[in-house]
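Next comes just one chain, in structure tokens: the form predicted alone.
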């Protein structure tokens, strides 16, 4: 995969110094591949390093690497495949007809030029994966768009491993979307406008005046952008990012897309139909690496706990994916927060210390915020803002997760 062309960032090969840049890019790529395999082969596996690699420029680079790293990010044992159901799930599942309809409409999610027989075989596997996960987890409820996530894993890792990975994902990152109601999904969507307001009040007020709401971002969120991006390389790049991060990171990425299109929005007629039409048509040539960096930066500046105060996202907090993240952590002893971080997360510090605005604190404290909020990588906000390539960046700060 050509990293720069896949992401839409970086100089073109037509420049006079393109040869030197290509050589430099190749060297960086080789170095990153070596670092990934070093982390994979360490004993125990260096999950923190793998998360850094997944987030840094270019993500995990190839599907071959993703097949090895994605299970580590989700803490899935590749030697323990899920059991096969003894039931004829197509006969007994209440969701079969809806799943069948959705899968039949998923033609665009398969690579162009794939032989029809191969594609139809993968669609059958897609149905089986979804029905098996739902049968094994009756607390989960199918939603339209779920198949867009499952097919991404199927195409990257194959049927058996995809079942294990998506099952873990469904009980953690995607848990809110699989409730019997959309209440928790609405709570997450309600975080979108507060993020925009913090960064660009003018854009926020314009969107509020247009009464556009946040429904335009629903398909982005519940499919991890798989349904709206036509280039599979961009989809898997985002999946690298989201798998390595806090479950709420997709809403931050949604916000930076809107912020990136500020001028287009402000040039619209200030009415719901015009703004909704513009925002629902997501551009395919986004500067993905830049937006990933900005999303990480905004996560540090405006963590979910801060947004929750504005978005009223604390209702039934014990049932949300963000709260179950502690059950999902892949921390080793050196990755656990110290006493101060534990106290801050549990709300034991003095009220005046807890309520300070994050923007009034030194930028270096963003490392602490990352640890508290559970962003699962050593991701420096300052580095995100000024460094286009993270391949040479090796921060010493270690991953911190919820206790």
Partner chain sequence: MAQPILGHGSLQPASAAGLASLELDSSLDQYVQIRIFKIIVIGDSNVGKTCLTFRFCGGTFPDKTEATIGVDFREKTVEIEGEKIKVQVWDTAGQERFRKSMVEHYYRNVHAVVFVYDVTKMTSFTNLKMWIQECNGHAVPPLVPKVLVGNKCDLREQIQVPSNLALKFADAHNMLLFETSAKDPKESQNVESIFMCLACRLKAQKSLLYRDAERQQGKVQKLESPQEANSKASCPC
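Residue numbers count along the first chain shown, from 1. Treat the numbers as computed from the prediction; the structure is a model and nothing was measured.
The discussion below concerns the form predicted together with the partner chain, not included here.
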Taking 4.5 angstroms as the cut-off for heavy atoms, does residue 75 touch the partner chain in the predicted complex? no
Heavy atoms within 4.5 Å of the partner chain in the predicted complex: does residue 180 have any? yes
Check whether residue 227 has any heavy atom within 4.5 Å of a heavy atom of the partner chain in the predicted complex, and answer yes or no. yes
Hey, in the predicted complex, does residue 234 get a heavy atom within 4.5 angstroms of the partner chain? no
Within 4.5 Å of the partner chain in the predicted complex: all of 136, 172 and 239, by heavy atom? no
Heavy atoms, 4.5 Å, the partner chain in the predicted complex: which of 279 to 287, 254 to 262, 77 to 85, 298 to 306 makes the cut? Say which one. 279 to 287
As a check of understanding, the residue in 272, 114, 266, 89 with any heavy atom within 4.5 Å of the partner chain in the predicted complex should be identified as 272
To verify the annotation, which of these, 191, 291, 156, 218, has a non-hydrogen atom within 4.5 Å of the partner chain in the predicted complex? 218
Residues in 96 to 120 with any heavy atom within 4.5 Å of the partner chain in the predicted complex: 98, 101, 102, 105, 106, 107, 108, 109
